Ligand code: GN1
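As structure tokens, one chain now follows by itself in the form predicted alone.
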Amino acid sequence: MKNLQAITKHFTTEGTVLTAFPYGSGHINDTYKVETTEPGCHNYILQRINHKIFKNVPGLMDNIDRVTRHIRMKLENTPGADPDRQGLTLIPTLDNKSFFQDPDGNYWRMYIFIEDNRSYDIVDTPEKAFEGGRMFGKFQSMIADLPGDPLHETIPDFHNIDIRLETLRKTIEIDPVGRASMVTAEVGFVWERAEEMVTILHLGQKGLIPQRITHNDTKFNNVLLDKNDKGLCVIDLDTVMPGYVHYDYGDSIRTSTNTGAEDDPDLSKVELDIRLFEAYTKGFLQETRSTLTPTELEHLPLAGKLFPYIIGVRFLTDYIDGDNYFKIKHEHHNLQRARAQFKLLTSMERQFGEMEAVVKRYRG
């Protein structure tokens, strides 16, 4: 607590810090809620950025600073909008930087805490799914005209499935902790689908779909809703960088249409709910369909399948590698996660015709 209080003194906060405590369930960064004593003063979110994963923290924070300022400017010019609640607001340091680096080399940032918010790991109603689609679609539309140079690539090749598959292959060959022989069924599942799953990446490499500014980590719990489950804003902007629209849409479908948890040990609970898929797609295309190309629209259903595949590959690779990337709660947690993702993919494969029909219905 004393250390966290000392860190907060490097930021231009208002009020007196009462307490700070761990907050949220993120896999990567260490997140704390900072509460102040005075009525009317903001509370804050304080985060230690994982610089082992994000190698270029200054570039990452430059991205976030540019994007959040651009969104805030638009909200300030929108009648009835609330910029403090409908977008993330970075708190600058005393020397007017977007982050503070402590003597141990750790990087810290601070945001205004958005009060009375809700987030969900599992979507249980079409109304919530629609709000998720609408909010991620709105986020894309708000930053589509971001001026200036291209954003930094905070994790190079983050969704590059060619590289993810090559990393898996190399990790299996090295087999650093002797787990490869335990996952032959899962590895076979991956290779059987590899040819189809490189389609979107190769379309982009050939210039057949445009590169856009994308969020690149559109789990449903990265949308904050208000007490009435109406969308407030999109959070977790570490991976905002150049990408393809399919990356945002696909990862959202992965998390907003799954009837089970991302790491559900009971695979019988893991299915694509086509009602949630339709609601999410309706909300997303409501905000984006006028700007997407015919080829982008055509491949949205495939993006739905791509993301349980690619995230499953990442979980599986980390498991074989000895759990060096994702935080785990038990020894076989990453394998459990991979199996849940692959079960979701098989459910999508069974319902793929319906997924295609939904996209055609709302693409206009």
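Computed from a prediction, not measured in an experiment: that's the story for all the values here. The numbering used is simple: start at 1 and walk along the sequence shown.
In what follows, reference is made to the form predicted in complex with the ligand, a form of this protein that is not presented.
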4.5 angstroms heavy atom contact with the ligand in the predicted complex for Ile155
yes
Hey, in the predicted complex, does Arg254 get a heavy atom within 4.5 angstroms of the ligand?
yes
Could you tell me if Glu262 has a non-hydrogen atom within 4.5 Å of the ligand in the predicted complex?
yes
Heavy atoms within 4.5 Å of the ligand in the predicted complex: does Thr239 have any?
yes
Per-stretch contact check against the ligand in the predicted complex, the hit in 325-333, 34-42, 65-73, 295-303 (non-hydrogen atom, 4.5 angstroms)
325-333
May I ask you to choose, among Arg212, Lys138, Lys219, Arg179, the residue with a heavy atom within 4.5 Å of the ligand in the predicted complex?
Lys219
Can you confirm whether Pro126, Val359 and Arg361, the three residues that make up this candidate site, all sit within 4.5 Å of the ligand in the predicted complex, judged by heavy atoms?
no
Residues in 305-331 with any heavy atom within 4.5 Å of the ligand in the predicted complex:
Ile311, Arg314, Phe315, Tyr325, Phe326
